[in-house]
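As C-alpha cells, one chain now follows by itself in the form predicted on its own.
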Amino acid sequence: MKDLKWDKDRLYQLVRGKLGDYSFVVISNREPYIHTMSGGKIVWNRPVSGLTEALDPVMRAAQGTWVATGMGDADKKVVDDHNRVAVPPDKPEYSLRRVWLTEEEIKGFYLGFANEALWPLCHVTFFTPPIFRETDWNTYKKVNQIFAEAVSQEVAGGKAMVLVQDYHFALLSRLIKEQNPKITVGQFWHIPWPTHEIFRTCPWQEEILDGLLGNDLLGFHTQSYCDNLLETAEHSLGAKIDREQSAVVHRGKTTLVQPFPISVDFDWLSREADNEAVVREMEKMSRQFNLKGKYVGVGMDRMDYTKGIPQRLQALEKFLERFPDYRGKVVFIQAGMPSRTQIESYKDIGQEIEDLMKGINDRYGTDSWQPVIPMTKQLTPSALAALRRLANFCVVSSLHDGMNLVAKEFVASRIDGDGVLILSQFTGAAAEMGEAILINPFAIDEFARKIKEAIEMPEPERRRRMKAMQKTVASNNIYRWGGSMVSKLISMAGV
C-alpha cells in the first residue's frame, strides 16, 4: 500500500475523525501565539516554530487546549477570568491557557535548571559542564507542579490525551498521572538523551526518570536516544527493559519509548522561497555584500555553544590558510541571534564568536573583500530564505544536536535543486541526510578540506545529492512527525 503524504489536512482529518469525546491538551513552555503592545494597540504574532506548525492543526481539529507560559507584555490583557484566550486570534478554533510565572520562577526554572543543568547535561559538548543548583531544582519542581494544576483544571476529570513538550517538564507527566491515572500522556523530548554514564552525574536523576516514565509514550528524535533512555532507566532505577518493544516497565506500568524524527514543512518553505520578496532580498544582499562572482557559504544558527560555530570559523580560517587561491573568492555569512544572554556561558560563546570573526577579517580581509560577514540582527523570513538560496554551501557544524532543522530548512528552500550541505555527523539529521558532506566538527583540518570539496563539487553531483535530500525531507515532514505521535497516542488510548 502506498504511503500517503502527510500534510496539514491529513493531520486535521486524523484528529477530527479519531479523537471522539477525548479532550486534547498540549503543554509547552513557549506559547503558540503572543500578544504584545505596539503603538498603544494590542497586536499578536505567531513565533516561528516547527512545533507550532505541527500541532496547531491538531489543536484546531481537536478544539483542544494549549497550556503555555504567558510571556507577551499584553498577554494578561486579553485572557478571561480563567486565563484563557481563544486562538488563532483572527479565527478562533481552540483555547490557549496561559500560566503566569514570576521573574524568580523563570530564573530558576527556565534559565537555571532547564538551561544551565539539563541542556548541557544532554548536549555532550565537553566544554560546558552542567550547573546543578538545589534552588533551581526546587523551582523547577514548583513550576512543573504549577503546570500540572493548570492541566488538571482544564481536563476537569474528563477523558483526555495530553502531549507534553520538551525538557522543561521532565516531572510533569508523572504529576498529571497522579492526579488522573486514566489520562493518556505522551511527551516528546526535543534534545538528545545522553548515555547513562553522563546522566548519572545529575543529583536528581531518579526523580527525573521517574517523572518521564509517568508517560504512556515517550518520544525522541532517534533510536539511539531511545536506547540511551532505556539503558539509563535500567541502571538508575533498576527498571525492567523490553528492548524488542523499546519499552520500560516501572512501578508496574509500561512506557513505550519510540523515535519520531522532527522535521519542517517542506512545501511551505519551498513556496516561501519562491516569491518576489525573496528575489529582491537576494539582489539587495548581493549588492550590499559584493557577492557577485563569489562562492557564498552560510551558517544560520542562534549563538549556542552546542552549534559548533567556533569550530566552523576555525575551519574557514584553516581553509583560507591552506588554499590561498580562494582568498577574495569565498564569502561566509554567519547569521544568528545571540541567545540566552542572561547565562554566562552564552555571553562567553558570543564573545568568542565575535573575536574569531574579527580575527579572520583582520588577517585575510582586504579593502574590497571581507571573508566573514556577521549578521546578528533579527532576520525576516524573506531574508532567511534569500540567504539559503544565495548560498553555494550551508554549514551545520553542531557538536551535538537532537535533530537540527536548519539543515532541513536549507534543503527545502533550494528550489533551484542546487547547493551543498556540510553537516555534522553529531546531528540527528545526519541519519536521514547521508547525501550531505558529513563532517566531524572537532577535526578542523579535515573540516577545511570538506569546505574545499563543497566548493569544487561538480554540478551534476550537487544536484543528485540535493534531489535525494529533498525527497527525504518532503516525505518525512513536520506533519508526519505530528501525525505519528498523535496516531500512537490515539491507539494507546483505545479510541
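Note that residue numbering begins at 1 and tracks the sequence as displayed. Model, not experiment: these values are computed from the prediction.
Not pictured, yet referred to below: the form predicted together with a small molecule.
This chain lacks the partner; the member of Lys159, Arg340, Lys141, Arg84 within 4.5 angstroms of the small molecule in the predicted bound form by a non-hydrogen atom is Arg340.
Distance criterion of 4.5 Å from any heavy atom to the small molecule in the predicted bound form singles out Arg302 from the list Lys107, His196, Arg302, Lys294. With the partner left out here, the small molecule still marks one of 413-421, 326-334, 167-175, 93-101 in the predicted bound form; by a 4.5 Å heavy atom cut-off that stretch is 167-175. Although the partner is absent here, Tyr225 sits far enough away that none of its heavy atoms falls within 4.5 Å of the small molecule in the predicted bound form. In the predicted bound form, the small molecule lies within 4.5 Å of some heavy atom of His190. Taking the partner from the other structure, the small molecule in the predicted bound form has a heavy atom within 4.5 Å of a heavy atom of Trp119.
In the predicted bound form, at least one heavy atom of Asn115 sits within 4.5 Å of the small molecule.
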